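You are given structure tokens for the same protein chain in two forms, set apart as structure 1 and structure 2.
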Structure 1
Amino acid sequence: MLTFGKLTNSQDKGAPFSPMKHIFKIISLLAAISAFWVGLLQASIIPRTHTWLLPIYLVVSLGCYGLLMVGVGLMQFPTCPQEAVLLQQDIAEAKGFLKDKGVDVGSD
């Protein structure tokens, strides 16, 4: 049973998505990027002024990637006409219930 986004003890073992695996992947990726950056600083392959700017370039690139993914997600967002009709029915039912209780719900 999934409760507020946390796994219960019965699901911890063998679960397809484990929060610890995700955290471990993120930490591993950060360690690899940091090691690569320190290696570039030590080797002096790239001028030192450019090497110091690499973390800033990485953050800006990740921000652009995030914005791109949000834009793509918005462009591919599915429309659900059936769900819209059900939502309107639920709203009408809730308004009727509240009117029966004496609550003013607007002009509609």
Structure 2
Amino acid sequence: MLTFGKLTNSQDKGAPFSPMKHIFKIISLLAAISAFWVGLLQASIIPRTHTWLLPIYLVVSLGCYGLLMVGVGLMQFPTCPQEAVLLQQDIAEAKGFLKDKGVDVGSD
């Protein structure tokens, strides 16, 4: 959700889609984090065992953040009851039309 939002927000209407810039941003962020982690290992301010835990903590917090975004999005998802009814009418109409023409519409 985080990357999809960034991809759509950073594009103008006429700008061509450039996936490479986004990859470079992610790679540079990862390189900065790993440099910080290796620096922390070398400086030995914190005991070694705790420094080894840091990447796992980051991955777990990233997973938690994704889950949080899914939950928040679920809670705020807008439903449109009128559009749902209209859509069902459209579907029934299209099915009847296609069945008359002889196309196999299948069952749901």
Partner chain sequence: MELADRAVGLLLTLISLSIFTYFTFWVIIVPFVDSDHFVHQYFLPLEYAIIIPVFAGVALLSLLSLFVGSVMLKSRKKKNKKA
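Counting starts at 1 with the first residue of structure 1 and goes up one by one along its sequence. Only the largest set of C-alpha atoms that superpose within 1.5 Å between the two forms is called the rigid core. What you see is a predicted model, and the numbers here were worked out from it, not measured in a lab.
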- Would you indicate whether the form predicted together with its partner chain is structure 1 or structure 2? 2
- Can a Cα shift of no less than 2 Å be assigned to Phe97 between structure 1 and structure 2, given superposition on the rigid core? yes
- Message: What does the CA of Glu83 shift by between structure 1 and structure 2 after fitting on the core? Give it in Å to one decimal.
- Response: 3.0
